[in-house]
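Presented below, as structure tokens, is a lone chain in the form predicted alone.
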């Protein structure tokens, strides 16, 4: 594909947060809902995950307009039995359903030592690390398996050339001291998330080698086929059979086990982004102690960092450190590429904002 120089503007986190809040309120969101959506989207940008940041807002606007995303809906408890909670997402904003469901799981883990929580039928719950961080702030360990349904599959299974499942993320969070993470693993089971292909397309850039297949099943760096109708090509699962196998387990644990939608073709694919999630939330005090876990994690991670470096590497990072560095680097200015900026302006207008309001919030 031809490479074009991406044009990028910068905005303060507060500016982007206000734009998301204002756009959601224009669609009818109450203040708390609009704030939760903005907190997570801008938080993803700050963490360096632009694929799950404010660039998702146009998708939400279209889903609200199409009736697939329900404004001011909330999670409800479908089953409550001891340490087990089954939560119905009710097609609500995932930022609301995920927040409410995770809070319920944290409270149950405080009571019983561990909570097994299934969340089903929520609209896009965004960056899964956000829920791991919510648990970490409460001093809890969390393990999360997630699937994505409601749209065409995106990722080819190992050995296949056609997509059969979504990017199916896994997140594991280990609390450290003072509500901070000792380690936070948050990853798609594809080499790159679909949102990263979208960002590359909007910037006019190629994706990294070994991340995409074209419509003929050949490896390509051109993301454009993934956005044609019908879609041409597929994302590649990471680690060959290992990532593919983990993605399959996310589909079965994250959705089938909790009564959510899988990507089996019997279910409707209307372009929605419907998430289901299985979360295991553990109170460290039920097994060792929070302080004991933090101390042992510190000792092990210090030992890990003491390793001699492999050729071509300048440092060794543990899961969660790249996000923390991104937050420090972007604390005052978040980059937004020109393609994403155009989509944000259009989304604001479709949500009901005047041209003057859009210009006042995003500039010119």
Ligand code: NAD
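Positions refer to the first chain, counted from 1. A quick note: this is a predicted structure, and the numbers were derived from the prediction, not measured.
One more form of this protein, predicted in complex with the named molecule, exists but is not displayed; see below.
Stretch 189-197 is the contacting one of 75-83, 225-233, 279-287, 189-197, since its residues have non-hydrogen atoms within 4.5 Å of the named molecule in the model of the complex. In the model of the complex, the named molecule sits within 4.5 Å of a heavy atom belonging to residue 127.
Residue contact check for residue 109: none of its heavy atoms lie within 4.5 Å of the named molecule in the model of the complex. In the model of the complex, none of the heavy atoms of residue 97 sits within 4.5 Å of a heavy atom of the named molecule. Not displayed here, the named molecule is kept clear of residue 142 by more than 4.5 Å at the level of heavy atoms in the model of the complex. Relative to the named molecule in the model of the complex, residues 13, 203 and 329 are all farther than 4.5 Å at every heavy atom. Residue in contact with the named molecule in the model of the complex (any heavy atom within 4.5 Å), chosen from 46, 63, 318, 27: 318. This chain lacks the partner; the member of 184, 263, 92, 156 within 4.5 angstroms of the named molecule in the model of the complex by a non-hydrogen atom is 184. Residues of 202-220 are not found to place any heavy atom within 4.5 Å of the named molecule in the model of the complex.
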